[in-house]
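First comes one chain, alone, set out as structure tokens in the form predicted alone.
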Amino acid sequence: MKNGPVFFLGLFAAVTISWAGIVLASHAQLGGLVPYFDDTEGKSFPERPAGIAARGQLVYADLGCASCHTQQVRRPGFGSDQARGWGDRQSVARDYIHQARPQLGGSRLGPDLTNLAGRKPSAPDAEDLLKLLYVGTPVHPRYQFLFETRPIVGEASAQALRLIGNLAPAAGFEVAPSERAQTLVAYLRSLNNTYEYPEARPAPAPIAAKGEAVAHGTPAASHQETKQEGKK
């Protein structure tokens, strides 16, 4: 090819410029986001999670929870997330600035967990979540390796699960959550993105310009022509 080097150089430049425009520009725009300070409440949002919750996110990622759960509420018109009670507003980039590894997920075999801690009408407490992890459901796997069955020394631990039936441990033993289970539950109970940022508010409906029909955006002249044809 006579102009082969020039062609490949141009192709390389086009790919490089496109990559820089999409990746680097997006990183510069979103990577510079900072918490939003609310003068009324006197604090910034989102709030930085406690250390135990931050460690729990590592367990969440290690277990691959994002394979079945998402953490992103879609805007109205793109799904029924808000109607299902998964959030009162759409998720925005600012929600994730304190997360080193945002767990957006790509599949919803289970419900979205964005606002699990603020779920209406009631949010699951720590005991409910620990039991779910240990017992599982027909659609949720068991994570019994996050717990330990140990002999009771003195009094039973306050953190021990209250199990009945076949799941109950032998007499003199208890099932207690490990540190990984406790940090995971702390992380799940920290998921509460209810603050409404300015960028999360729905865009106002477009105002029809003068001389333009409001109903369907059809020029008023077209309506006049239709009326005239009807008279004929």
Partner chain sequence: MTNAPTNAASAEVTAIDSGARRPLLLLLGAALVWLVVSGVLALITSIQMHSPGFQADCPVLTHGRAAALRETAFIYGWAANAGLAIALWVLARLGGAPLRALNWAVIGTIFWNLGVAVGLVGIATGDMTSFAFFQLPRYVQPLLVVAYGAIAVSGVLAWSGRRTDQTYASQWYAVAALFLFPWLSSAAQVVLLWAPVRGTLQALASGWFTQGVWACWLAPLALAGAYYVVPKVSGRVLPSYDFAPLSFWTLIFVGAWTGGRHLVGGPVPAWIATMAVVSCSLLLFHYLIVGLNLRVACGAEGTGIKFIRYGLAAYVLGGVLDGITSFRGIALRTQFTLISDAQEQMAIYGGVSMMFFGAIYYMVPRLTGRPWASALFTVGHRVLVTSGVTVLLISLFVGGWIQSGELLDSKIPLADILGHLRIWFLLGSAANLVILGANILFLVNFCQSACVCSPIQASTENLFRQPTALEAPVS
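Numbering follows the first chain given and starts at 1. Here the structure is a predicted model, which means the values were calculated and not measured.
Keep in mind the form predicted together with the partner chain is missing from the figure; the text below concerns it.
**Student:** Using a 4.5 Å heavy atom cut-off, which residue among Gly31, Gly42, Gly51, Gly172 comes into contact with the partner chain in the model of the complex?
**Tutor:** Here the answer is residue option Gly31.
**Student:** Is it the case in the model of the complex that Ala126, Arg150 and Leu161 each bring at least one heavy atom within 4.5 Å of the partner chain?
**Tutor:** Per the other structure, none of Ala126, Arg150 and Leu161 touch the partner chain.
**Student:** My question is simply whether Arg55 lines the interface with the partner chain in the model of the complex - judged by any non-hydrogen atom within 4.5 Å.
**Tutor:** Residue-level check for Arg55: no, no contact with the partner chain.
**Student:** Examine Leu63 and determine whether its closest non-hydrogen atom to the partner chain in the model of the complex is within 4.5 angstroms.
**Tutor:** It does: once the partner chain is placed as it appears in the model of the complex, Leu63 has a heavy atom within 4.5 Å of it.
**Student:** If you check in the model of the complex, is Asn115 within 4.5 Å of the partner chain, heavy atoms only?
**Tutor:** Answer no; every heavy atom of Asn115 is more than 4.5 Å from the partner chain in the model of the complex.
**Student:** Does the partner chain come within 4.5 Å of any heavy atom of Pro76 in the model of the complex?
**Tutor:** Outside the cut-off, so no.
**Student:** May I ask you to list the residues of 100 to 123 that have any heavy atom within 4.5 angstroms of the partner chain in the model of the complex, in sequence order?
**Tutor:** Ala100, Arg101, Pro102, Gln103, Leu104, Gly105, Gly106, Ser107, Arg108, Leu109, Gly110, Pro111 sit within 4.5 Å of the partner.
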